[in-house]
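Shown below, as structure tokens, is a lone chain in the form predicted on its own; questions about how it binds or moves come after it.
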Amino acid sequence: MPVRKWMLTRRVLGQAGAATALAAVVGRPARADRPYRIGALNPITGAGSTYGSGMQKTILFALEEVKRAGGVDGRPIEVYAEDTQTSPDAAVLAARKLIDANKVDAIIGTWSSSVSLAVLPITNEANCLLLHTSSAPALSTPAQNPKHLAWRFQAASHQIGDAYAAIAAHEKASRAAAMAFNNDVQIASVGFFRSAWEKAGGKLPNPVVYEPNRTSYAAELQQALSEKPDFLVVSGYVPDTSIILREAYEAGNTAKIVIPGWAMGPATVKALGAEVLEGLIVVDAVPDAGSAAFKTFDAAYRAATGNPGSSNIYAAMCYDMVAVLTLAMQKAGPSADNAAIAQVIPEVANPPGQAVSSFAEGRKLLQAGQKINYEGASGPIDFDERGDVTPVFGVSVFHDGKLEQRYLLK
């Protein structure tokens, strides 16, 4: 049922599959009197559920900030929410509903590369923007993103692989090994790790690729440890990584293990305990905790969820998605279509321009005809020619029952 413009509630967005408001038909000429529809497509359930609810709540309060600042001149915004279930099949059904039934103009906040890769052909066909938090290289290639309507707010696989290699060098590793969950992003990440590590003079056996939904990975782990590495990358997700970490501990492994941040959550600590996790290295894109945008995001995130903003980098990315999208809409004008909005995204996010940390700041300067450079909660948000951002990585070590950030990779 249609609801009044901007009547967005935490109750609605907090429920998987709930939706608010009705509006535009994708593909129609844009009109200032037709609301712009946003689909919040996030992992409320499944492997990404640690982050998904906070991502949707962030989209809600970020849009409320836009409203309080006066909104995009002449263009009301409405939002729908759906759950990807962290499943490509479920995500495709949800994306079809958002585009075909709800007529959204943009989908934001898809998590996991398999989900974003499954959704991208649908958004391309509908001339719908896709702002995502996924790492697979294919997401920004001309073949997969020919209209340049998809924008990556997360580290790409080659950046993650380079980070693994930088950590190995920092840890003075001499013999490295790798295990990867069998999907595009994890295999690509360890592949780029291998390339970077060998370019620096190291050697790496063929990474061990393992399948999901196993009760044990002992055989794969034994294969990875067969050449007695002192450094092991395990590139997977929470369920499989938890099993591997326990089995490595039980096998008496002495190699330093590094995992991506998305494979570490409260469930991991609860399931494994401090002794099993002691010394574990975790790498993830981190927000700029000192930035004005992060401070605003952090306060709102704490109010919405009861947790610090630093606990959900993907929520910070969603906050920046809303800011970048609405600033681009502001610059492109109330009658702009998605092609015109996409074209000006780098103009509001990249230098040169006056640095701004909010939609309110940017709107004021854009109305005055000035150039802006949005500096976000999740990082600087500077896009390259492929539509990818360059993140800052934080490297943390699990010690005495908690993660301690040790250093940054820029």
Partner chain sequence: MQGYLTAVGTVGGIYALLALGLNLQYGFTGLINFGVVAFYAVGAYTSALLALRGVPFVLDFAAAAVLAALFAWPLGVMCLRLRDDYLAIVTLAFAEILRTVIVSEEWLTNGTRGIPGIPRPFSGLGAAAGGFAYLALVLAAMLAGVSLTVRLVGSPFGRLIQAIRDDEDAVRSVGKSPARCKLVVFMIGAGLTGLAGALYAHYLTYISPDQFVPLLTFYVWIAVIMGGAGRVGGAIAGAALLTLFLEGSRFLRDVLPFVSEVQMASLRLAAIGLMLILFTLYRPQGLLGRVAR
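Superpose the two forms; the largest set of C-alphas matching within 1.5 Å is the rigid core. Residue numbers count along the first chain shown, from 1. Just so you know, these numbers come straight off a predicted model, no measurement behind them.
The protein also exists as the form predicted together with its partner chain; that form is not presented, and the subsequent description refers to it.
Asker: Is Gln354 close enough to its partner chain in the model of the complex to count, meaning some heavy atom within 4.5 Å?
Answerer: Output for Gln354 is no: heavy atoms all beyond 4.5 Å of its partner chain.
Asker: Using a 4.5 Å heavy atom cut-off, state whether Ala62 contacts its partner chain in the model of the complex.
Answerer: The answer is no: Ala62 has no heavy atom within 4.5 Å of its partner chain.
Asker: Would Ile187 count as touching its partner chain in the model of the complex under a 4.5 Å heavy atom rule?
Answerer: Ile187: contacts its partner chain in the model of the complex.
Asker: Does any heavy atom of Asp320 come within 4.5 Å of a heavy atom of its partner chain in the model of the complex?
Answerer: Heavy-atom contact with its partner chain at 4.5 Å: absent for Asp320.
Asker: From the list Ala304, Ala118, Ala255, Ala166, which entry has a heavy atom within 4.5 Å of its partner chain in the model of the complex?
Answerer: In short, Ala118.
Asker: Which residue, Val282, Ala196, Ala90, Ala173, is the contact with its partner chain in the model of the complex, using a 4.5 Å heavy atom cutoff?
Answerer: For this set of options, the contacting one is Ala90.
Asker: Specify the contacting stretch among 359-367, 43-51, 376-384, 338-346, defined as having any heavy atom within 4.5 Å of its partner chain in the model of the complex.
Answerer: After filtering at 4.5 Å, what remains is 43-51.
Asker: Under the 4.5 Å heavy atom criterion, name the residues of 163-186 that approach its partner chain in the model of the complex, in sequence order.
Answerer: In sequence order, Asn182, Asn183, Asp184 come within 4.5 Å of the partner.
Asker: Does Gly333 show a Cα shift reaching 2 Å between the shown form and the other one after rigid-core superposition?
Answerer: No.
Asker: So with the core overlaid, does the Cα of Val209 end up 2 Å or more away between the shown form and the other one?
Answerer: Result for Val209: yes, a 2 Å-plus shift.
Asker: Could you tell me whether Asn213 and Pro121 have their C-alpha atoms closer or farther apart in the model of the complex than in the shown form, knowing the shift is 3 angstroms or more?
Answerer: The answer is farther, because the C-alphas of Asn213 and Pro121 separate from each other in the model of the complex by 3 Å or more.
Asker: Taking the shown form as the reference, report whether the CA atoms of Tyr237 and Gly309 lie closer or farther apart in the model of the complex; the distance changes by 3 angstroms or more.
Answerer: Tyr237 and Gly309 sit closer together in the model of the complex.
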